[in-house]
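Here's a solo chain for you in structure tokens, the form predicted alone.
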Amino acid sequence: MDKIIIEARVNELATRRGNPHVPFLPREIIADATACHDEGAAIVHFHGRTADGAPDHDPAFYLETNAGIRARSDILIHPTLGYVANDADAKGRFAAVEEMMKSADTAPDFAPMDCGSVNVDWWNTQEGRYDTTELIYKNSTGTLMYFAERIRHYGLAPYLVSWNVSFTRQIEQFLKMGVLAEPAYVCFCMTDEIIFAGHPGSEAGLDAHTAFLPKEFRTVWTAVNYKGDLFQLTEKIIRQGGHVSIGLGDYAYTADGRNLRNAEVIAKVVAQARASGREPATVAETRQILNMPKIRLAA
């Protein structure tokens, strides 16, 4: 079977209440990225965070973190554009990447494009109500086209996130327009427990995603369950030829009453993949599978 691309999603906006091993600071993310690479991850995704876990959009955070990751392994770097925590315009949301591209030591390999807009309010399961009511993850077509142009300008790989079928259909139109090139690397974002913006993290939810992959274009897909246990689906994903994006940023993984570290989560995916005859793709193999372009630094 084809090799499997494994991405470590190390922190997102997760707190440490569920798992104290969620990394916040650059040195913690660097250590986790290195450990996850050693266990078989080819990509690391992270968000800038302060010491108390609040979002940190300062480009300096990413410059320090990227340089530290680069110094210790060749794992592919996939930073965030800030999610709903960064409510700037398109140029402002991409500003940190512009700074990263000034040096080979800090340049990432991917930049994300969440290809649509969606309500992302948080549900309080204990009280049966929403804790927030105004959170909209807004990604207009014009904003996405701006991101695509800047991503292409720098030779980055677009990381195309689909929260539901409408996002995937937008990706298809961008492929038809030539805004995106093949193969499209699509991340199916399922959501559970406290957020319902994506398909549910079930077999039916995943099948509803994959059913709408554009037939006339080459695609490579991975899957994540934001706020849900992706291990309920990893064996299915592996069997169907998909790839896995997983980590403490999405879910407070435990085993035998113990809080797992990100590297232990990656090791568990690797073991499942090998049991099904799929080896983890190396960084070089991931570049080949995704036909990743050559990075061009800022002038």
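Model, not experiment: these values are computed from the prediction. All residue numbers refer to positions in the sequence shown, first residue = 1.
Absent from the display: the form predicted in complex with another copy of the chain. The rest refers to it.
- Checking V118, L213, A95, I75 against another copy of the chain in the predicted complex, a heavy atom within 4.5 Å turns up for just one residue: V118.
- Shown without its partner, this chain lists A157, V220, A148, A208 as candidates; in the predicted complex, only A208 has a non-hydrogen atom within 4.5 angstroms of another copy of the chain.
- For the marked spot (F231, Y251 and P293), a heavy atom within 4.5 Å of another copy of the chain in the predicted complex is absent from each of the three residues.
- Considering another copy of the chain in the predicted complex, the lone stretch of 75 to 83, 137 to 145, 180 to 188, 102 to 110 in range is 137 to 145 [heavy atom distance within 4.5 Å].
- Put simply, T133 is close to another copy of the chain in the predicted complex: some heavy atom of it is within 4.5 Å.
- In the predicted complex, R169 approaches another copy of the chain with a heavy atom inside 4.5 Å.
- Contact annotation for V165: at least one heavy atom lies within 4.5 Å of another copy of the chain in the predicted complex.
- Contact check for A71: every heavy atom lies farther than 4.5 Å from another copy of the chain in the predicted complex.
- Of the residues in 198 to 216, those that come within 4.5 Å of another copy of the chain in the predicted complex through at least one heavy atom are, in sequence order, G198, H199, P200, A204, G205, A208, F212.
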